[in-house]
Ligand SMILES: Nc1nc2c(c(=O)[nH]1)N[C@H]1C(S)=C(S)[C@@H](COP(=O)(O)O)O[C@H]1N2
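A single chain, nothing else alongside it, follows as structure tokens in the form predicted on its own.
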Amino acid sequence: MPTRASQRQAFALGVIAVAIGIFVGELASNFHSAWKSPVDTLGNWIISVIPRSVESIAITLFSTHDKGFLVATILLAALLLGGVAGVLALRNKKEVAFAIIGLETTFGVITVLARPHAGITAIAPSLISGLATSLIIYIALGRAKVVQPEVNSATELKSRRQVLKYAGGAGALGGLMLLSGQGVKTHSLNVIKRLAIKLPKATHPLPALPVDPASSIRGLSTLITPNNEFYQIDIAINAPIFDVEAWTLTINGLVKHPITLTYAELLKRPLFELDDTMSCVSNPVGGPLVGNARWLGCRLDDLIREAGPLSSADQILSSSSDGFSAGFPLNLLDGRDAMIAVGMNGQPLPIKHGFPARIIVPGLYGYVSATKWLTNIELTRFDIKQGFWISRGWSQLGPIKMESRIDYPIDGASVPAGKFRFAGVAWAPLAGIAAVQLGIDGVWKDATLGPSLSGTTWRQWWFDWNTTGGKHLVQVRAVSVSGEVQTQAVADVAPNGASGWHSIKVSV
């Protein structure tokens, strides 16, 4: 029987074999645009099948790190199975060991083929990963002969033939890595191409931004959210990277004149700027999943009009390369400046925020509208097709609810005696914010408002309080330009967004 030490070594070798196999498979996925990452694909599949309740818990617990936790869980499970396979191989149960690796590979292949528009070649990285793992286990343990514990070595190696096998295996892995390295090179060149893009100026640019009150008010969110701080919620484990010279956008479905645009053709269209606050439907009251940016793009209304929707169409369903889709009513192209965005805060769209193009529809949560890495827009009907999250229990219509938030201080904070300043933001999509009121122990007073960019953006607010000793309940509510007062009724994020007054407790 193998010694405990040799079993630990075999477990470690199995873990290392799977780790190298995953590494090689991920590298290979960069070699060709049709080849899909095994880890990304499995993660995307899990996201697509988990119940809504589990997905909501994951976002609540991990926020924008939910996909990182998912990837870590996938990798840990794969590595543990590799360790088990290593021990089984040492115990002369090699058929079972290789069956485990085969099942992992088969499951990876199945999840790849389950992706929309995945061709048969998409499974290549999964097969490469499985073959690399099997080869390493075979070389290290597959031909091992177990000896008695009193012998120092746990295995006997047939010297000459074993050396040849090691050399052959190393050569095969080296070749795969060389091949994958070419893919990484192509991947990097596409990133560089994005950096070289110079966006055209807007036909009718917006006025310059005013002085930002956040520069002098502690804890206040900035008027414009920097790109690297803008929240990111999507189903992609890793953001896809496109060659803009090969990318196209297609508008089809229930239209008279299907349209296909290249990136260069999209940039030649009249572009306009839009200041818009986006909020995720999974954002809890007072949560961080909201941001304000200045977007650059072309009018979605114009493109849809040129395509000529048939009278039977009632939905605009957009799709991305990662399998995500989002649909909203055609009649919401009502002059609200819906756009196909190509720029964000003066730069080409960041890769993680949808480069080369995404959709922005003011007033709608992203799960029904804001498709990133856009590749297709289909005119269809709600009774025929549904967006990604609708079939998973989320509301078909996703208007952003009016909300307000206390940025500073945080809940449970101790504040100094004397004059103290509260600060935060509020948003009422399309209508705009007319007032923000702060309630301290049930006594409501108007806060000072920051600049108004448009009805589609948030407004900053702050309130100076002459403190009184003890503990206090602080609440905030907003009033829209149309006179609507933010509801106190508490609602969960599912199925159509959270509501209620953001409340904190402070001690003086």
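All of these numbers come straight from a predicted model, not from anything done at the bench. Numbering starts at 1 and follows the sequence shown.
Quick note: we don't show the form predicted together with the named molecule, though the next part is all about it.
Note on the interface: of 299-307, 320-328, 400-408, 202-210, the segment with non-hydrogen atoms within 4.5 angstroms of the named molecule in the predicted complex is 320-328. Among residues of the shown chain, residue 136 is not one whose heavy atoms approach the named molecule to within 4.5 Å in the predicted complex. At a distance threshold of 4.5 angstroms between non-hydrogen atoms, residue 278 is in contact with the named molecule in the predicted complex. In the predicted complex, the named molecule lies farther than 4.5 Å from every heavy atom of residue 422.
Contact between residue 129 and the named molecule in the predicted complex is not found at the 4.5 Å heavy atom cutoff. Contact with the named molecule in the predicted complex, judged by any heavy atom within 4.5 Å, is made by just one of 109, 235, 266, 332: 235. Contacts to the named molecule in the predicted complex (heavy atom within 4.5 Å) from stretch 357-374: 358, 366, 367, 370, 371, 372, 373.
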